[in-house]
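A lone chain, given as structure tokens: the form predicted on its own.
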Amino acid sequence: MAKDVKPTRKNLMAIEDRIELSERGHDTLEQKRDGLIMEFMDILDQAQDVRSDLSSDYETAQRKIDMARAMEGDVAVRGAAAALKEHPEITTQSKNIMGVVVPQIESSKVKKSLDERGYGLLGSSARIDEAADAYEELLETIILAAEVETAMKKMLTEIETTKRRVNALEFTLLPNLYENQEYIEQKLEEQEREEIFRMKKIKAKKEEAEKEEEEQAAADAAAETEVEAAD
């Protein structure tokens, strides 16, 4: 509250410095918030595309595996799956977007050729191959979706944090600083007016005293003149 601030010029200068710093910080945070929102919108568009692809790839993979089971039987499908020797590998790195660290997921050994799947050409069929292709495609989409969704959540969290900081500066800290600044300026003006009034009174009293001294000196001089004339 403004009344808790001591109205001194030193405090006024300190508050003015804080206002300048807070205004710069507010502008910087606003720019960051706007930049984050733009980046988030780009990621959101990408996320919507990935979600659509994920749904489509899942339906395709499910249709392909159902067809393989119907045509080749569960035993053949499970046997082909069990023959897989090299499993997909996932590595995670990070990248910086407007100061937000988001994951960057790299995958390898997801898509495989026929001879890399382990079951061989004679132990498979076109239906199983198509199902394997579809699930490999689905897995790559899932990996991409995980990266995009995680980045989107981190960006959204940072946007909310930045918005709260902007609002705290705009609606709490800066108004309080402006109020304190105005309060101190008013008090200093009042003190200045009181000091001017006090100095005027002192000057008036001094002038009055000097006038009385002059009048007394004149009276004394006149009295001496009369005494000398009488002698």
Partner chain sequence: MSQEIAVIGSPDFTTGFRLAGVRKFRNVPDDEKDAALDDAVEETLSDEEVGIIVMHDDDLDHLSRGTRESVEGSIEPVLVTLGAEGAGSGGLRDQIKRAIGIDLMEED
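Throughout, rigid core stands for the largest set of C-alpha atoms superposing within 1.5 Å between the two forms. Quantities reported herein were computed from a predicted structural model and do not represent experimental measurements. Positions refer to the first chain, counted from 1.
As for the form predicted in complex with its partner chain, it is not shown, yet the points below apply to it.
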{"query": "Candidate stretches 170-178, 184-192, 23-31, 40-48 - the one whose heavy atoms come within 4.5 Å of its partner chain in the predicted complex", "finding": "40-48"}
{"query": "Contact of Leu138 with its partner chain in the predicted complex (heavy atom, 4.5 Å)", "finding": "yes"}
{"query": "4.5 Å heavy atom contact, Leu54 to its partner chain in the predicted complex", "finding": "yes"}
{"query": "Proximity of His87 to its partner chain in the predicted complex, heavy atoms at 4.5 Å", "finding": "yes"}
{"query": "In the predicted complex, Lys95 touching its partner chain (heavy atom, 4.5 Å)", "finding": "no"}
{"query": "In the predicted complex, residues of 50-72 near its partner chain [heavy atom within 4.5 Å]", "finding": "Arg51, Leu54, Tyr58, Ile65, Arg69"}
{"query": "C-alpha of Val100 moved at least 2 Å between this form and the one not shown on rigid core", "finding": "no"}
{"query": "Core-superposed comparison between this form and the one not shown, Glu149 Cα displacement 2 Å or beyond", "finding": "no"}
